[in-house]
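Form predicted on its own, single chain, as structure tokens, below.
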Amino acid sequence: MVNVAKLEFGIETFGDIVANEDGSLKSAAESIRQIIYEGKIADQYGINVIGVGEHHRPDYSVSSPETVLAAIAAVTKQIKLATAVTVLSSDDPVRVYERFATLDGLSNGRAQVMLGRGSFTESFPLFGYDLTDYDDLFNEKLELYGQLRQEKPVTWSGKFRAALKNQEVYPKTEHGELETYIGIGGSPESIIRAARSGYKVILAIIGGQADRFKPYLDLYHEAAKQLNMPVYPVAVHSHGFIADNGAEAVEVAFKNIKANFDRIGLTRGWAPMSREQFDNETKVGSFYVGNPETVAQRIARTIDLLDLGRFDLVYGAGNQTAAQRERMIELYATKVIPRVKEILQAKAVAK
């Protein structure tokens, strides 16, 4: 049963370029500054987490999420500061740990690392890695990161990085380790890997009904117990858009989410998103779109179905305006989240 008192809600941005009111696009620099402002207002509204993605392509503004999170840390007090995700496969685990331990220190313990293999692959050739090593890179670097997370001298050797011998890594965190999630797209192998490594799990549900992911979460719980590893509440992130008027929300979301998915699909072999496909996703799938009541009802159902500990809404997909993004954050915090908790509390009482 969902523990409503401990339930967390987050927002995530992949750093989409923000649109001006006339349809033209802001610069990457302006879009980065907008994200920092959005982090500030999310903190003021009491949202638990903000996640910032890492991309190395022109349609996204953020390639160094920890730098943006550090700026958000300076203007916030409570909100947790997460990546969405850090592409560990094409990064150096030592530098990842050092950067986030630094962020953790300047934010008074609010840093969260979300590690992933990377659904976008631009970082691999950029940093000199071969995509044929995609799985091996992540597995090896995750093993090293796990040792670093213990904050003790590390002796380690592998294929893709220089060996370490009794090496200390600095700075140390005040609380002894970094809070770390593994981002998972929904394969049995990924779920079992996360359980074996003892990490928290955040599941990316970006298409289809949430129901189909229930077996993966059951597998996570079963694998963790069999491996004698901790079982953590699972998090989910999905796309959405909220507006005061439901019809307006649907039209804005269709325009922007379709453009975003179609652009990505050009490099991945996806067919363009049809209106029928979009409407199905907003009604029973993984797009949480509409007025606050509609979105709250659908989020509550997903949380209850999957017994989640956290739900992150991916906002700003495509080229939305600053006003649309800011209003969505406000509605999510002041209307949707309280209503979701109310719905879930009523379900708990009824049971």
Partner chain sequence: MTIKRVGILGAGKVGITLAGLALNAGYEVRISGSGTVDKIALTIKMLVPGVIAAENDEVVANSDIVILALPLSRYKNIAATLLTDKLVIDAMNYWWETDGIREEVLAPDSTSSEQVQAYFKDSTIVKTFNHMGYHNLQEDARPQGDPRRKALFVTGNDHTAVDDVAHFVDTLGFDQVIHYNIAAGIMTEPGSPLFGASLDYQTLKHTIDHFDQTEFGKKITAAK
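Residue numbers count along the first chain shown, from 1. From a predicted model like this one, the values you see are computed outputs, not experimental measurements.
This protein has a second form, the form predicted together with the partner chain, left out of what is shown; the following refers to that one.
- Note that among 235-243, 271-279, 248-256, 154-162, the stretch whose heavy atoms approach the partner chain to within 4.5 Å in the predicted bound form is 271-279.
- Mapping the unseen interface onto this chain, residue 131 counts among the residues with a heavy atom inside 4.5 Å of the partner chain in the predicted bound form.
- Within 4.5 Å of some heavy atom of the partner chain in the predicted bound form lies at least one heavy atom of residue 208.
- Proximity of residue 188 to the partner chain in the predicted bound form: non-hydrogen atoms within 4.5 Å are present.
- The partner chain in the predicted bound form comes within 4.5 Å of a heavy atom belonging to residue 218.
- Contact annotation: of the candidates 231, 94, 223, 71, the single residue with a non-hydrogen atom within 4.5 angstroms of the partner chain in the predicted bound form is 223.
- The single contact residue among 263, 77, 175, 212, judged by any heavy atom lying within 4.5 Å of the partner chain in the predicted bound form, is 212.
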